[in-house]
Ligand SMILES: Cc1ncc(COP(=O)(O)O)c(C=O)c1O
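Only one chain is shown below, in structure tokens, and it's the form predicted on its own.
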Amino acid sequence: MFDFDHPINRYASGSIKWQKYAGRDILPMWVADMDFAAPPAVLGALHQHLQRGDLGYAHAPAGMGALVADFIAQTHGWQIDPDWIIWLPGLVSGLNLACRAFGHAGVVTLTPVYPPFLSAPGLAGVALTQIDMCDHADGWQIDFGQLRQRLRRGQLLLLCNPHNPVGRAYTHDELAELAKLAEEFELTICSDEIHADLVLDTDCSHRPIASLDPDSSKRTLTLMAPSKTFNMPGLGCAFAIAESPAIRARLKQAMAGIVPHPNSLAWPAMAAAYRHSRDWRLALLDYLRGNRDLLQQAIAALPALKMHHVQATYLAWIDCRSLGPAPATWFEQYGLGLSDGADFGAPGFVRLNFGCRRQLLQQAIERLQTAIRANTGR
């Protein structure tokens, strides 16, 4: 029903992803922005909205909160009250607001991690504690021993669930252990769950940490958005969910006079995504699974690289430490534009976005193979 192999001209849109290497033969596989067209229902809703000619300021339409709550209930089994929702222009804004509102006793996070987790505390003028995850043979794991030793009472825990860049979908037991620590150390949790709808493994499911128990719900600020799932990040629409009135009040106070609501195009797009694009999401997941499997098989055959199985997201986290300290720059010589692991707190790694046409991914794999042969001779 949906053609994910159809190419679209992203240069014409001023794409940050594609213009980074404009004029150079480098495939952009870096920023978390898929190359697929947005769902037909979303494009149709935007077209209909533009035909009315109304681009003025706009509140959330009536029923939008209930629509989001229904999607979350149907997709993740989490029952929320629409009154718990605070609209945001982007998830990164939410991370920075959380550090300003709740990070006074310090912020703790698990690394490697999405770069704004590392920059937001400094921008808020608060201390950051980084806890390295463990790179085990069967995948990345939380080092609960180190976490317990370094936690301080009242800190803000910035959690990425599912985890970007390592592609983990945390288990119930892992989240329960985090929740137990949060209760013991009186932590506020800010959980980035923007990739919640992109769990690829059919034997896994996303579990919002706020859904575990009443205590977790009352201490957690959950950040979500349709932007990654339905490939519309440029529209600037996201939301925070918090049961606690106190958490909502402090977040709104931090927003006052600085953070706008989503723009007028975001509302019809969000409604069409959550109401009419659920089949598109399922088809997307099937396509991304195929891309992931193709990439994992290719990486497994390359002696200089290592990549754990990706349970969620469309992002591959590749260990290139055998190639030297700056593999992302080195790969550009072979026509590949990848995210530098140093930006995630892990030099020697790269992140590859496989949310693209399969033909483009095959070209990227061929360039990976050429680069590794040039380095290793095989």
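Start at 1 and count along the sequence shown; that's the residue number. Quick caveat, the model's predicted, so the values are computed rather than measured.
A second form of this protein, the form predicted in complex with the named molecule, is not displayed here; the remarks below concern that form.
- Contact with the named molecule in the predicted complex, judged by any heavy atom within 4.5 Å, is made by just one of 164, 109, 291, 188: 164.
- Out of the listed residues 32, 328, 60, 323, 32 is the one that sits within 4.5 Å of the named molecule in the predicted complex by at least one heavy atom.
- Just one listed stretch, out of 72 to 80, 192 to 200, 300 to 308, 243 to 251, contacts the named molecule in the predicted complex at the 4.5 Å heavy atom level, and that stretch is 192 to 200.
- Annotated contacts: 230, 281 and 312 are all free of the named molecule in the predicted complex [non-hydrogen atom within 4.5 angstroms].
- Proximity of residue 268 to the named molecule in the predicted complex: non-hydrogen atoms within 4.5 Å are absent; the residue sits far from the partner.
- Taking the partner from elsewhere, residue 128 is found to have every heavy atom lying beyond 4.5 Å of the named molecule in the predicted complex.
- Contact check for residue 208: no non-hydrogen atom falls within 4.5 Å of the named molecule in the predicted complex.
- A residue is said to contact a partner when one of its heavy atoms sits within 4.5 Å of a partner heavy atom; residue 170 fails this definition for the named molecule in the predicted complex, lying far away.
- In sequence order, 90, 91, 92 are the residues of 66 to 104 having a heavy atom within 4.5 Å of the named molecule in the predicted complex; the partner itself is omitted from this view.
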